[in-house]
Ligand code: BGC
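Given as structure tokens, the chain that follows is alone and in the form predicted alone.
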Amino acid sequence: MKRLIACMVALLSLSGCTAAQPVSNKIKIGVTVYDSYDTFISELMDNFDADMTNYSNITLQKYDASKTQSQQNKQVEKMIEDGCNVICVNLVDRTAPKKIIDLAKASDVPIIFFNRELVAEDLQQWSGLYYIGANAEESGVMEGKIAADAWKASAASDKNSDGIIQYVVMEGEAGHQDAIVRTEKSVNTLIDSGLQVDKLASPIANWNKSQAQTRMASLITQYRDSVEMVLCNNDDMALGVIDAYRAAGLSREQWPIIVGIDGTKPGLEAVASGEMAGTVYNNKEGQASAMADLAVALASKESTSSLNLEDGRYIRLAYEPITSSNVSEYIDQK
């Protein structure tokens, strides 16, 4: 089958699986993600694909928008033309869903937005719009608590013995709600824990590991080993920070406290190795399962009452803090 775009994932037919639960009619579910190279999104989609094998007579049509909103708009238009009954959208730009909403409303195709939450007023534009994700504020608070506990647990964390945390925030994306809230709440939680803080820098790394490594390498050149804490809006950026310290040749004793968010597999491994003080688990399994169940219910025109939608539109999964004390549970079970 001819690919529609270079990054298109081939149509995946899931009918005929041995243990699949049959649906009454054949249905097609479309998915477009903002960037398939984002580790958390990749892991979430792996779980979604696995969950969809619980159903038969379902076809998935999937796309990668490659961080381009106009391309994602065209992908949604194509999926509607191809007869998708429901479309799941991981928005490139959370402030620009209008084109997608207009297309869906005109064709009466429900949209499940996921992971990147659009503005609340936009979700109210039509009854066929839904959101699945988590509460960004909760993740920021948990990250700040992990960082505060790590600081208090080791006097060596205060490298210059001034009683003040010299810190860096590795921010995910300019103007992105999750990045703003995670940053604000993590720092405020440090302060609320009775700690004094001194921000050295807050570079934007766009949720990206290699960008974070580049930004941190520059800060290491500037500050050498005087950075005492790095709060990262996601695990990919935290891993980029780790790579920067490795490349700089600084000993582990010279590294700062590094904390991430998402609980990706590489992030969990970094917590287990002690390279990260902790991460905050973003329940990709729960989100994927909820999205699969909601998509099938909407496509089959079945009741969604058993899914416990908040305000009839939202499904939010709780975050969970992870440190060395409980990381083995997540590596073994998640």
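All residue numbers are counted from 1 along the displayed sequence. Here the structure is a predicted model, which means the values were calculated and not measured.
We do not show the form predicted together with beta-D-glucopyranose, though everything after this point is about it.
- At a distance threshold of 4.5 angstroms between non-hydrogen atoms, Asn234 is in contact with beta-D-glucopyranose in the model of the complex.
- Looking at His176, you'd find a heavy atom of it within 4.5 angstroms of beta-D-glucopyranose in the model of the complex.
- Glu143 falls outside the set of residues with a heavy atom inside 4.5 Å of beta-D-glucopyranose in the model of the complex.
- Put simply, Ile41 is close to beta-D-glucopyranose in the model of the complex: some heavy atom of it is within 4.5 Å.
- Contact with beta-D-glucopyranose in the model of the complex, judged as any non-hydrogen atom within 4.5 angstroms, is confined among 77-85, 191-199, 114-122, 101-109 to 114-122.
- With contact defined as any non-hydrogen atom lying within 4.5 angstroms of beta-D-glucopyranose in the model of the complex, Trp207 is the only contacting residue in 184-209.
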